[in-house]
Every structure is written in structure tokens, then in C-alpha cells.
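So this one's two forms of a single chain, laid out as C-alpha cells and tagged structure 1 and structure 2.
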Structure 1
């Protein structure tokens, strides 16, 4: 039974209904006409599908396919002709309407020809009905002479109107883009995108020229950014996504890249003006972002900024007027660095290349002035002396961190060490440190930056002060009550000579009362510390004196030298400069400064001088001012001494530094040669520089001289076979 059913099915399937191709095609052609005429209610899709099926089955697929193409083409030409009479804004809307109806018609035709799609089209590799409909619309409508130019012009016209501020039908524009992209991306590119990019370049070329003539740099960049964002928004609303990168390049080229030099150097509003104005971070950020969109954009900003920083920095460090106040000068440097760091953070996205440019610029101009190490040390000295008056405890650490950045730029860190040691010594001996923790904190930062060797003596100075306090407690504990009666209170700081920057100075003649208690302390100290030697540094001490002016009691805070001078007036009424110098043995230059403070400073003049003048002469005479008055019970009388060194002192400091450097270079050469045994001159210079650059940059000429010195002292010798090399002698 099953076999019989199989035979009957086979006979039915193989049965071919006779087909008249002309008549059958006429039925299908009429159906296509009805579909395009939107009169489909009377059509029988089952019959139409059967007719198409039979034509393919009877090998009339070619006739069917070509007939469909011809029929669709005929209708599309009619559509193209009808579009010619459509004028104004209705043109694009009518075109999209016809496109939509065409797609519907093709879909219906495709349903009728489904069998042809699965068989004939598949095996002949012809375009599907859908593809055929797209291609025919492209060739007969879009590429029609009557439509192609109008379509492009209308499309561009709407874009131009939108750029001018008009509101356009974005939905229509989106439909047009989709139509072109559905036909083929190349159709969109050739018929719209390329003309769009060319027209956009022309538009922005003209507009940018108008803008740059009428607006400053900041306003111009705002308008450029706005235009760029508008184009990106336009793409997202109704253009192909791939157009975004292309139109962005056009806007960036015409509005930014073409005017980059003029924008950067624009007078009163360019990059330099923005950097100098604290309120231009937004404009700088905009410039950074926009310039970063083309090659070398950031490099141009960086080069101009670097040039400006170096130029203004050079002016700053060579401005003699500003150099008169070292503390304010260094604060100006820190403010300049803070302002630039803020720009990097807020405007330049913490760009490391820009930060590196700032660092190299500061390193360049800071080392143009050889006094910067001294000035930075004076700044730290001022902050540690007056920190609580001007900075909160937490803020002083921030100041130290900023100072360490400046310190890192110094090439001659060893000179800073010399000055810092002097200033630290003065603070510790005069008790001018507002917080011992502040001193220790800064030394820790120096140690982190330069190593233990750099700060070992500084740490030793702090240790000496602590040790001295304990020593004085033991000294007074060892004395009986009778020994302390009518004895001046003595406070001695025992300083390790190798740690402190102590210059040999003749000891002045101390008053007898002071000398007696000093001798007692010396006996106590040497009795408990065998093999040590004490040398009094009277030029570094201070004293508190009780004084009577008429019937008024005062306390005077003075230096040891000033104390010795004032003691003389307990016994005589008037003394000449020469007499004071002879009795006290105070060096002439120091004596003049002390007398100037005692006699010439208004409100502190406990002495009078003849003749009255600001300067001290060898023939001047002095007498006690019993009419001296002050609102303060305790009057502090300073010494007329400059914060900065005199020329002679600068020369002495430089000579000491050069001497230390020679020893350090010798040590470095020996260390290198002991390790390498044999090395040429260039190799020695390279390795010695690497060893010493954390303290200073050694001069190759000096290294050469030190090599010769080491040869003379038989630490090194020239290689006998190759004179370019040096050999270490064990």
C-alpha cells in the first residue's frame, strides 16, 4: 500500500501543466503594474505564485527575471519623471515617500517570486529580487540626471541651514541617509559624504577666518569646540556613524590646525596670556583637547610653554630688585611652580610630558643663578623660625615638600648643604627653632632625597643640642648651693667640631664674673670626658642682662659680644671705639655691627654715640643712654648683620666648597678605579659623574686635574701599552 501511495505522489509531482510563457508573463506583469499602482486588493497571490512557479519549472526563469527587471525599471523611470516637477522642500519628502512605496512593492513582488528566488536566482548567481529593486532604484532614480544633483544640493542646503541656526526635519534627513546606505555605502559616500566634506571644509575655512579676525583666542576656541560638537551631534542624529571621524578631521583642520600658530601666539589672549592668568584653566583645557586632535598639537603647546617658562624664569632669577629679598624670591618661585602645576592638573590632564617640560625648564633657569642654593636655605630657615606665626603645623610639611622639589632642581646641592648647615647652626644656638620636629622633618626629607651621608652632620648637630641639655643638668646638679650664689646662670652648647660649621675666631675678653663660671664648667666637663678639648666660641653666644635706666628695670637680650661691651659701662661713662676694641678684643668688623645695634637702632639704642650717624667710625665715642625707654620689659637687641653673605663671605664659602669637591672627586675616582682596575678617561668621567651628581655635577676639566693629582700621588698610573687608559695602583 505504501508503495502504491509513493507511485501516485510521484506521478502527481512529475506532472507538468502546460505553460504559455507569454500569457503567463502578461498576468505577472499586470500584477506588478497593479502593485506599483497600489491596487493589490484584487490580486490572488496564490495564483500569481503558481504562475511564477510554473514559468521557472518550465525553464522560463530568464524570461521571468528579465521581465520583472524591465517592469520595475519602467515604473521607476515614471517615478523619476514625476519627481522633476516637484519643487521646493517637498522634493525630498516626495522622494522618501516614493522610496518607501518602492520598497513595499519590491517586497510584494519578492513574495510572488519566492520559488524563483530559491532556485533560479540561487543557481544563476543573479541578484535577489530585493537587491534588484535596490540596484534599479539607484540606477533609474538616484543616478537620474533629473534627481541626482538636486538630491545632493537639497541635502547640503539643509545641512547649511542647520549650521546657520535653522530647525530642519532631522527625521527626513535620517531617512535620506538610510536610503543611500541601503542602496550601498558607496552611493552614500559618492552622492553625499564626499560633497558634504568638501562643502564643510569650504564653510569652516571661511568661518574660521571671520572668527579669528573678530574674537580672542579663548572665544575662538569655544566656537571651534561648539562647531565640532555640533558636527558630531549631526552625525549621531542623521548621518552615517563612519562620517563622524571624517567630518571631525575637516573641522579640526580648518578651524584649529590651519590657525594653530596664530592662536598660540595671539597677542593678549594666546597661550602665554592664558598661562599668566589664573582664571584661564578652562580655556587652556579646551586648547589642550582641541590641539591634541592633530599630530604635534601638544608639542606646539609644550614648546611655547617651555620657552615662556624659561624666559620668565631667567628674568626672575636675574632680577636684582627681587634678589634683595631671598625669602620672597623663593616664595615667588614656589608660587610660579604651584601655578604651573595647577595648570597641568586642571587643564592638561596631568600630562607627564608637560610635567617633564616644566621640570626641565625650572632646572634650566634655577641653575642660572649660583645664589639659589643659599636663597632656598634662607627660605627654609625663615619658615622654621616663624612657622607657627605664618603656617599651621600641617601646612609646614606641604611647604617643605614644595621646597624639596626646588631642591631637586639644584645641580649644586653641596652648596645648599653648606648654607643649610650654617642656618641650622644659627637657629639651634640662638633657640630660634619654633619646633624641633620641623627641623627633623626637613632633614628626613633631605635624607630621603640625597642619602645618609648628606645629612649625617645635620643629624649630629641636633644630637649635640640634646646632649648639651643633659650635660648642663648634670653640671648644675654637681654644684653646691654656695657655688651657685651670685653666680651668673650659664648655658653651654657643646658642639662636635666635625659637625658644626664653626669658623676659627679669636675669643674675646669675657667679664670676670662670666669667666669664673666658664672655668668651673670647663673643669667639670674635662673631668668627666677624658681626652677632649673645649674651645669657647664667644662670637656665637647670647646673654640676658639686667639693666637699670634711671629708676626703670629692664632685661636686655644681647649677643655675647654686646654683653662684653655693655659690661664696660658699669665702670666708666664714656668710651671710644678704639678703647672698646682694645679692652674686649672683639674683631673690628664684628664690633662695629654690635655698636651699630646698641647705639643706632631707634627703640633699641641703650647707648648713645658722638657724632650721631648711622655708621660707626673709628673715632666715634659712646656713652650709656640712661634715658632709654621701651614698652617691653624684656628688650631684644639684634645684631646688624645681613641675611645674605658679603662678597668676601661668598668667596670664602665657594673656596670651602671647591676644596670639599676636590676631595670628593678624588674619592670617587679611586672608588671607580679600584673596582674597574683599568679605564679610559671618558669612562672615568662618566662613572664619577654618576656617583657625584646627587651632590653636584663635576666639571670634566676638574676631573682631569684630579686624575693628574692622583697620578702624582701614585694612586693611578697611565697604561704603558695604551696611554689613553689609566691603571689603578693597589
Structure 2
């Protein structure tokens, strides 16, 4: 060492130049050679650093920088040549080995050139020694003709083998990816990622074709999902993270997107059969996830599902067989809805778009059958009267909530209201309610859905019944025992007129004893409620009568009319139809029906008819049947009223609804015009529809007619200058 220093000193002194660039560079160049030859121990770092420092200090930075670049280049060219003779599987290993060595060498060279990096490189904005090392490796090794394609093919071959199930050296693959990424992300993308994606697309195109021929839809999706997960795992094992999204797109495109139609419509295993099947939630969920990866995927599922629901729904609501049993029919609808809801929540991630697709489908087919409002009301009626039959149906509240959803789909909510009112009245008056709470709770739900106006009358009905009970208690409390002995027990339901769907009918002649107690009640009631009017609705109500047939005591449960008729037979044995009609003043059609159930029903015939026949004629006569027997002590005599409406009643209900609607449209038009003063026809239609759609969808033609009628009645007039506009007349 000391000898060497002396010589250096002597040379510098002799030549009288501060730094000889050629000689200094030679020293550094030799050092770089030694570094690449793994011979670092022969070098003195301090000397080399000083030499490099001197060159920069004396403005030979350019020479130093370009010298280093060309020296590294020539070493890398050697390496590239040496790679050529490496055969077989060792190629990649060798390349990685050389790469590690090169990095180490560059690090050492940088140490020597530290001063150059801090000054020359910084001011000239040239690539640092580290970057230079990467760039030169890229250009001379990776991009050399002998290596570039070979590297890519090897890489792809290994991936292909792994897809086939072979175990490959993942550590090596990881190193290769890291090398390419270190060089520059674009080197990785151009040289590996792009060909990898193309190759993968080819691979999966072929594979998916084979799969689709051999497997059913569920099975296929399982395979596709597995492949997708494998690719994502591959990325995390040895590819760059950014490749994940790209390869996923390729797999999804080749395996799913290109086969979407075929998968969805696959016979016996496609979407429709999955929906029909109760235990295919997992497959559906898979389909949802996989199809969600590309645009329109979900739309395709949704469209197929929607048309399936519409078709089956349409079949359901138009099936004449099913329409015979409204309760089961509505239950079927609820079940159908339940099943679909379950699919949405279990398989479709509660997707809002799917929910609204179901809603619109239901809305579509439910309104295809005009009798649905009646049926839904009947269903509720059944549930309230009979309670729930099994635990399986859950809480009655839950059932109501579901019914409310169906109700929400109805366009003609006012028709539902009509029926509901009738059914409620029947329940309340005949005391058939299973629980009053159930009725109240359903009305609360209606109120939240449709507003206060919709339910005010219904609530009034419930209140009437409550008040009636109180009134009856007070009535009996106010009467002293003596006043009422021997009187039949009376129970009165005071109904506010207008609230109830009852056609007032003339009062019939009540038996004297009844009339007596009724008058007492009337006096009591009007005494406490000034200014009210009380009318007896004798076509409603029931009575319990004691009767003796031969020696046998029986109790008969009959309607008020029937009671009146039977009372007559306390005094006479035989009466003709005309006589009965005359005495009781019961309307003849009702009377006929009453007599029919008293005389013509087997097992209930407390009267006999002469002549014996099914129908009641004006000239028939009736006599007491003292031979009547029954196993029961209490005999209930029904009245021939059908639960479902007869055709004629249906027409009547329709007519009443139409009538109501006319009034509502009138008032809606007036309300709109009052605030707008002037509006054209289309404007009126839009606004009126908005106002009324929570009850029903008004027909534009009807609106037009109502406008004309309002013009006649001088609520509106046509604008004099522009005939398209209507003007409100205050």
C-alpha cells in the first residue's frame, strides 16, 4: 500500500497535472471490471472514491459518467451472451442469479461514485447510477434478441403448467416479476403482462367451451368461480397486484360474458329453474356475483327474472280454478313473494334494483285481475276471524305487513276499501272478530300507507262498536230490575250513519215484547244524546229464541227477521206467505230468503212448507214443525247470504265505486284549479292523477267527462282566447 502511494505521488509530481483523466479513469474502469469479476477484496474503497472525486472536481464528470455507462454496458453484453448457452430449465434461475449479482455490482459502483451522484448527477439531472444500472440491464439483457422472447415463453410455459396442476417454483416467478417491475412497470406490462393476458384469454376460451358442453349451469358457475379465484391467487403469489383486475376481466369475459345467454337460458338448470327451486340460493348468489363483474350482467338476470315472474304471475291470477278459493289464492301470492324476497336477500345481496324489479312485476300482474282487491280483503277477513291456523305463518302482524305490500301494488285501492268496509261491518256486527286488536292494527297500517282520510270511516266503525257496548252497560245499569223483568235481553249497536256500508231499509214490525224494550232504550238513548235520530235496522242483528218441539227444549239462533217470523207462530199454527208479509212488513225478497232457511234447509227446518218444494211461492203456507229434532241444544239457523258476492252485487259494488270516483275526481279537479286558476288539459290530468293515485288510477277519459260536467255546472270555463286552457270560476 505505502509503496503504491509513493508511486502515485511521484507521477502526479512529475507530470505537473493535478489529475490525469485518462489514468484516473483507467483505475476506475479496472475497478469496475474487478467488481463484475467478484474480486472486490483487491480494491481500496478510499482510493477509488478519491479518484472519482478528483475527476468530478476537475470537471471530468461527463467523461466519468459516460465511461461508467459504457463499462457497465460491455459487462452486461457479456452476460447476455453467456445466457445464450444456458439450456433448459436452468435459464430462468441463471438469469435471476446474474440479476442479483448485477445489482450488487451497481451498488458498489455507486459507492465509489458517491460524490458524482451528489453533485454532477444532481445538477445535470441525469439518471442516478442506480437508475443507469436498471436501464442498461433492461436494454442489454432483457431486450436482447436472444433473451426477450425466450424469457417470455418460459414464463408463460410455467404459468400454463401450473394451470394444468403442476407444482412450479413460485419463488423464482416472484423474483422475475420483481425484476421486471424494478426495471419499470411498463417493462413488466409489455413483456409479460400483455402476452400473459392474451394467452389466458385463449386458454379460457377453449376451456369454457368444453365446460359448457359438459356441465349444467350451477356446475359451470362453480368451475368458473374456482378458475377466477385461482387466477387471483396466482397474482398474489407471483405477479404484480395491478394484474389482478386485468386477468379477472379476461377470465370473466371468456368464461362468463361470452356465455351469458346460454347460461341463463340453460334448460333445466338455467336462471328460471334456479328461481323455481328452493335450495339454489348458493348458485344464484354465485351467478349474481359473477354476472355483476361486467356491465349489463345484472340487467340480464333481472330481465329474465322479471319476465318469469310476470308470466307465472299472470298464469296465477288468471287461473280460474284457483280463483275459487280467495284465501288460498292470496296465500299463494304471499308465498310467491316470500320466496322471491328470500332469493333477493340470500342470493342477490338485497340489491335495490332487483327489489324494484320484483315490485314492478307484481304490480303488473296483480292488477291484471280486477277481483284482487276483493280477494285481499277476504284474506284479511279470514285471518282476523279465524286467527292463524299454524305457527308456521308467524305473527299476525307479519302476515299483515306482507298483505300491505300486496295492497301497495293495487291500483284500485278504493275498491279494496269498499270491500274491506263491508267485510269489517260484517265482522263487527256479527261479532265474528277473532280479536279487535287485529282489526285496529290492520287499520293503522292502512292509515300509514294511504293517509287518514282513507281510514277515518273504518275507525269510526270500530269506535261505534265500542261506544255501543258502553251504552248498553249504562242502559242496563240505569234501569231498575223491576222495569225489565220478563223483557227479552236487548243488545243494541248504534251505528253512525254514513260510516257503515249499509243500505237503510224500512223497519219491519217487531213483536210487541221487543218493541217495548226497544222503546225504553230509545228513550234512554235520546235522553242522554240530545238531537240525535235513532232508526232501527231490522234487517240486521240476531236473536236467541227458546223453543219447545214436542217435549224437547231447544235454543234457536236466528236473524231479526227470522225472529219476527217465528214469533208469529206463538199465536197461530199456520200462516200463508202473504199473511206473514202483511204482518211483519219484511221486504218480500228478504222474507223469501228467511223462510227458505227456516223451512227448506235439511236439519234446520223448524217450519214446514206446503207444498214441499225448494222455492218459496207467494201462495205457499207455513206451519210449525213440532217434529223438529237436532243433536244440538243450540241450533243456528243461517241466512242464505253468500260470502263471495253474487254477480249482481259485484255490479252494484262497481257502480258505487264508479259513483264515488266521479265525486273524488270532481273535487280533485276543483282543488287543482282553485290553486292554479288556469291550466291546460294535460296539466289537469297530471295533477289530478297525482292527487288520487294513492286511491286509484283515474282514467283520463273520465277526467275529461268530469271537466265537461264542471263546465256545465259553471265551476270552470274554457279560456276565451286559447281554447286549450281552462279557467276556474270563483
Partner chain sequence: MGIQKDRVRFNVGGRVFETTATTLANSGRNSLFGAMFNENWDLQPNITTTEHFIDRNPDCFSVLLDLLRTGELYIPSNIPEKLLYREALFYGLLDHVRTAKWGPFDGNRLHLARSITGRAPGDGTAIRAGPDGGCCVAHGSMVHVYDWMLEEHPPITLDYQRVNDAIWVDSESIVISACERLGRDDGGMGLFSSSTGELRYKFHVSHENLVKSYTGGALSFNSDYKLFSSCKGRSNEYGVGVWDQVTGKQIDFFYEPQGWSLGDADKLQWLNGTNCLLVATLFPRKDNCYISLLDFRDKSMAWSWSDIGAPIADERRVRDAIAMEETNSICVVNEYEDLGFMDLRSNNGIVRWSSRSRLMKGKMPDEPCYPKLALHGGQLFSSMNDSVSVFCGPDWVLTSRLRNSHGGSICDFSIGGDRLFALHSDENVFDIWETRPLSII
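Numbering follows the first chain given and starts at 1. Please read all numbers here as calculations on a predicted model, not as lab measurements. What we label the rigid core is the largest C-alpha set whose atoms superpose within 1.5 Å from one form to the other.
Requested in this report: Could you point me to the form predicted in complex with the partner chain, 1 or 2?
Outcome: Structure 2 is the one predicted in complex with the partner chain.
**Report entry** Core-aligned C-alpha movement of residue 273 between the two structures, 2 Å or more
**Finding:** The answer is no, as the C-alpha of residue 273 shifts between the two structures by less than 2 Å after core alignment.
Report task. Superpose on the rigid core, then tell me if the C-alpha of residue 405 is displaced by 2 angstroms or more between the two structures. Result -> No, its C-alpha moves less than 2 Å.
Report task. Please check if residue 72 moves between the two structures, taking a CA shift of 2 Å or more relative to the superposed core as movement. Result -> Yes: residue 72 shifts by at least 2 Å between the two structures.
Query raised in the report: Cα shift of residue 93 between the two structures after core superposition, in Å?
Result: A shift of 3.4 Å.
Query raised in the report: Where the rigid core has been superposed, how far does the Cα of residue 603 end up moving between the two structures, given in Å?
Result: Rounded to one decimal, the shift is 6.7 Å.
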